[in-house]
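First comes one chain, alone, set out as C-alpha cells in the form predicted alone.
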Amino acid sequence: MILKFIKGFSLLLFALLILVPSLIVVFGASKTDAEVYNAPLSLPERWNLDNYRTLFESSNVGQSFLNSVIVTLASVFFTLLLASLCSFAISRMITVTGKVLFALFTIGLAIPGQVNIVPIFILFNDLGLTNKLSGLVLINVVTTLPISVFILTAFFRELPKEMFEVSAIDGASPLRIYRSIALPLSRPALGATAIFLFVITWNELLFPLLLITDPAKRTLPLSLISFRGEYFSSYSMIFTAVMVASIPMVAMYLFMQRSFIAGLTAGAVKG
C-alpha cells in the first residue's frame, strides 16, 4: 500500500513538473509583459492572438522558422541515409572490422560538441561554411551520426540473417538487399530515430550561435535570444515564440506516432 502511494505521488509530482511550466507558457502567450510579471500563474485577462501577430510582423521569426525547417529536414534526411548505410554494413560484418567500426561510432557519443567549438569554427570559417544553412546541415549530420548508427545497428542486428543470405544466393547485390529488404523492415526504427533527430536538430542552439551571425540565416532557437535583453526580457513574446517553435515537434510526433512506438518496442518480443 505504501509503495503504491509513493509510486502514485511520484507520478503526480512528475506530471506537475511538466504541466505547470507548460501552462505558464500557454497562458503567457496571450498575456502582456505586465501580466506575466505580475501574475505568471493566472489566466490571461483577455485571450487573443495579438502576440502571434506581433511576433511575425515586427520580428524575423518567420524567416527563422523557415530556416529551421530547411536545416532540420535536410539534417534528418542525410543523417538517416548515412546512418542506415553504415549500420547495415556494420551489422553484416561479423569480423573484427565491424566491431572496431561500431566502437569508433560509439566513442563519438562520449565526445561533447562543446569541446570542439574552436576547431569547428576555424575549420568552417576556412571552408567558407559560416553564415550558410548548408554548414549547419553538415555539422548537425556529423554530430548526430554516432547516436543514429548506435540505434540503427542494434535494430539491423535483430533482422533475420537468413533473408539476406537467400537474397545473396539469388544474385542480389548488397545495395539491392539494403534497398529492397533492410530498409522496408527497418521503418519502425527509422521512424523512431527520425523523431529523436528532429527534436535534437530543431532545438539546436550551440552551432547556430557559433556559425551564424547574419540575421537572415538565423534558426528559430537563435531568434528566441533576441527577445531577451540585458535589463528587460519580453517573456510574453518568448512564450509566444516557444509555442510556435513547439508546433512542428508536436506535429512530427502525431504524424509518426505509430512508427515511434513500434520502434521503441521492436525486438521486445521474440517469437
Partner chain sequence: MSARTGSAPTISGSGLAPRRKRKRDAGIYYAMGLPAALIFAIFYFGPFILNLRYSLVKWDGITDSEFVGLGNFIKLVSDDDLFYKVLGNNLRFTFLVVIFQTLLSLVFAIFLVKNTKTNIALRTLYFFPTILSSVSVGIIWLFLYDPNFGAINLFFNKFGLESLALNWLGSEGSALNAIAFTQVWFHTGQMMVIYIAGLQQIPQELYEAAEVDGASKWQQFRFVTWPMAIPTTIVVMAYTTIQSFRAFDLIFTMTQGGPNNASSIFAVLIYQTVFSELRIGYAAAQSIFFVLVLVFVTVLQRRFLNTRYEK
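Rigid core here is just the name for the largest C-alpha set that superposes within 1.5 Å across the two forms. Positions refer to the first chain, counted from 1. Because the structure is a prediction, the values reported are computed rather than measured.
If you look for the form predicted together with its partner chain, you will not find it shown, but the lines that follow are about it.
At the 4.5 Å threshold, heavy atoms of residue 77 stay clear of its partner chain in the model of the complex, well away from it.
Among residues of the shown chain, residue 199 is one whose heavy atoms approach its partner chain to within 4.5 Å in the model of the complex. Its partner chain in the model of the complex comes within 4.5 Å of no heavy atom belonging to residue 255. In the model of the complex, at least one heavy atom of residue 89 sits within 4.5 Å of its partner chain. For the candidate set 142, 73, 185, 154, a heavy atom within 4.5 Å of its partner chain in the model of the complex is found for exactly one residue, namely 142. Proximity to its partner chain in the model of the complex holds for all of 115, 203 and 249, with the criterion being a heavy atom within 4.5 Å. Contacts between 159-186 and its partner chain, taken as any heavy atom within 4.5 Å in the model of the complex, involve 166, 168, 169, 170, 171, 172, 173, 174, 175, 178. Once you line up the core between the shown form and the other one, the Cα of residue 204 stays within less than 2 Å of where it was.
For residue 38, the Cα coordinates differ by 2 angstroms or more between the shown form and the other one after the core has been superposed.
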